[in-house]
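The form predicted alone is given below as one chain in structure tokens.
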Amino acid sequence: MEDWKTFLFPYQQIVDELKIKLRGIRAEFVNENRRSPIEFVTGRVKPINSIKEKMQRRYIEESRLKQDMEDIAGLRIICPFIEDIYAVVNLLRQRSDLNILEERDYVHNEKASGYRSYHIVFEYTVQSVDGPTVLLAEIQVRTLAMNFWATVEHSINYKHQGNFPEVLEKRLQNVADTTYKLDEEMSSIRNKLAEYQDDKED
């Protein structure tokens, strides 16, 4: 790639635009005094070194980069509760500016590592001075607890490149299970409080 800056510019535009739009969803809930299923939104353009490593690992040709690498532009939506993940996914399905191509539910179908999240791959149209360009991007939707586990697990894997004893790998999986049980318990408590409030009002 001769000019990474030019190549990545529209992907940064996707991230910048969608961060504003997705944060706007939360702002709308707050403005209407409704509980928001979105806690916060982050986004990033994949670092060049990470792109090169993935190209090599997935055997992606430079000429096919736009078509074959779906997470160069990535957004992450963090939710308070598990059920909020699916509420957010439904909101995203209704949007006219996202052409959803694929959905992967790793919340109820977690990866072997214990990783949980909901991934959405979509097409997004970027408007530029040379006209519209359609590019791939990805949104990950997860809870605060899932994000904590995934962030720490990623930092460990990045530093050790997954090269650590099986017993420690098993401990990471156990922590993932514990994290999910925490999510389930917090949802249960919230639902019980809602029932209690309804009974009190009656």
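Residues carry their position along the shown sequence, with the first being 1. All of these numbers come straight from a predicted model, not from anything done at the bench.
One more form of this protein should be noted, the form predicted together with a further copy of the same chain, which is absent from this view; the next part is about it.
**Student:** My question is simply whether residue 45 lines the interface with a further copy of the same chain in the predicted complex - judged by any non-hydrogen atom within 4.5 Å.
**Tutor:** Because no heavy atom of residue 45 falls inside 4.5 Å of a further copy of the same chain in the predicted complex, the answer is no.
**Student:** Can residue 100 be called a contact residue for a further copy of the same chain in the predicted complex at 4.5 Å between heavy atoms?
**Tutor:** Result no; residue 100 lies far from a further copy of the same chain in the predicted complex.
**Student:** Even though the partner isn't displayed, in the predicted complex is residue 118 close enough to a further copy of the same chain, meaning a heavy atom within 4.5 Å?
**Tutor:** Close contact is absent here: in the predicted complex, residue 118 is far from a further copy of the same chain, nothing within 4.5 Å, heavy atoms only.
**Student:** Residue-level question: is residue 35 within 4.5 Å of a further copy of the same chain in the predicted complex, judged on heavy atoms?
**Tutor:** So residue 35 counts as contacting a further copy of the same chain.
**Student:** Assess the spot marked by 2, 86 and 135: is a further copy of the same chain within 4.5 Å of a heavy atom from every one of these residues in the predicted complex?
**Tutor:** No, none of 2, 86 and 135 comes within 4.5 Å of a further copy of the same chain in the predicted complex.
**Student:** Does anything in 134 to 151 come within 4.5 Å of a further copy of the same chain in the predicted complex by heavy atoms, and if so which residues, in order?
**Tutor:** 144, 145, 147, 148, 149, 151 sit within 4.5 Å of the partner.
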